[in-house]
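One chain follows as structure tokens, the form predicted alone.
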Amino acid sequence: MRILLTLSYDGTDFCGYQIQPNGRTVEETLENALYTLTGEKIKTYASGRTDSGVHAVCQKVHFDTQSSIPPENFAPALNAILPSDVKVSKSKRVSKNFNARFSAKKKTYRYSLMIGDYEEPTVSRYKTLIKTEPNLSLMKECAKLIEGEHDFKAFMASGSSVQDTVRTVHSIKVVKKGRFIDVYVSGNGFLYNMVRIIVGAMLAVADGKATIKEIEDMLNRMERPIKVKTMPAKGLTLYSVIY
């Protein structure tokens, strides 16, 4: 049978989701727990491979098993084995043609910022500090420009082997509460570091370091100006996956 898990994890001490030659990963941690639980060497398939330091509250993972464990019992059984920084919130049976990655229709990432001179200790693992309050109107204006179907080659970090760089960003929402700002980016798929660069572009415009025209040029000429930075990994969380 095929099982779908919903995972949450703190990515701080992981070298990303995907198994690496050297380094602790979410995938290896989960597959080791499944082996302990079932005695099977199970291969898992995630909705996406989050990078080193990136978190998730709704990572989706499917796998096949011959185990007689009821589908809904995988969550509590795995949680008894898994470490404190990765847990399963839900487990259920899905059809054999379901794929956690390719069946996904929309993914949403949240990028979290904190404004001020110091990092709040209780949330600093999950938010990126910015020293001055950005112009929210300019952030939102930049967001509207980025929404839609574009070639996002300029919003992809080097090192990716992806050839097709056209993606659709369904929406970008900016929510401010006190000294905290959350940017929610929803789309049909994302390139390497794409969300972190989108937020970097929005902040560059909001802080007067770049213009809306320069961001438009990023989309048209597919070149990134040096003033648009890739934001740190710790502010990024895989927020939801819709099927």
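We number the residues from 1 along the sequence you see. All values derive from a computational prediction rather than experimental measurement.
There is another form of the same protein, the form predicted together with another copy of the chain; it is not shown, and what comes next is about it.
*Asks:* Quick one: from D85, E149, E133, E141, grab the residue that has a heavy atom within 4.5 Å of another copy of the chain in the model of the complex.
*Replies:* When another copy of the chain is considered in the model of the complex, the option within 4.5 Å is D85.
*Asks:* Answer with one of T168, S103, S89, T165: the residue that has a non-hydrogen atom within 4.5 Å of another copy of the chain in the model of the complex.
*Replies:* Checked against the cut-off, the match is S89.
*Asks:* Given the stretches 157-165, 114-122, 94-102, 133-141, which is the single one in contact with another copy of the chain in the model of the complex, using a heavy atom cutoff of 4.5 Å?
*Replies:* Among the candidates, contact is made by 114-122.
*Asks:* May I ask you to check whether N79 falls inside a 4.5 Å heavy atom distance of another copy of the chain in the model of the complex?
*Replies:* Heavy-atom contact with another copy of the chain at 4.5 Å: present for N79.
*Asks:* Using a 4.5 Å heavy atom cut-off, state whether K60 contacts another copy of the chain in the model of the complex.
*Replies:* Outside the cut-off, so no.
*Asks:* Going by a heavy atom distance of 4.5 Å, is Y17 a contact of another copy of the chain in the model of the complex?
*Replies:* Y17 lies outside the contact set for another copy of the chain.
*Asks:* With the partner left out of view, is H55 within 4.5 angstroms of another copy of the chain in the model of the complex by any non-hydrogen atom?
*Replies:* Yes, H55 sits close enough to another copy of the chain in the model of the complex that at least one of its heavy atoms falls within 4.5 Å.
*Asks:* Which residues in 126-141 have a heavy atom within 4.5 Å of another copy of the chain in the model of the complex?
*Replies:* If the 4.5 Å heavy-atom criterion is applied to another copy of the chain in the model of the complex, 126-141 yields only Y126.
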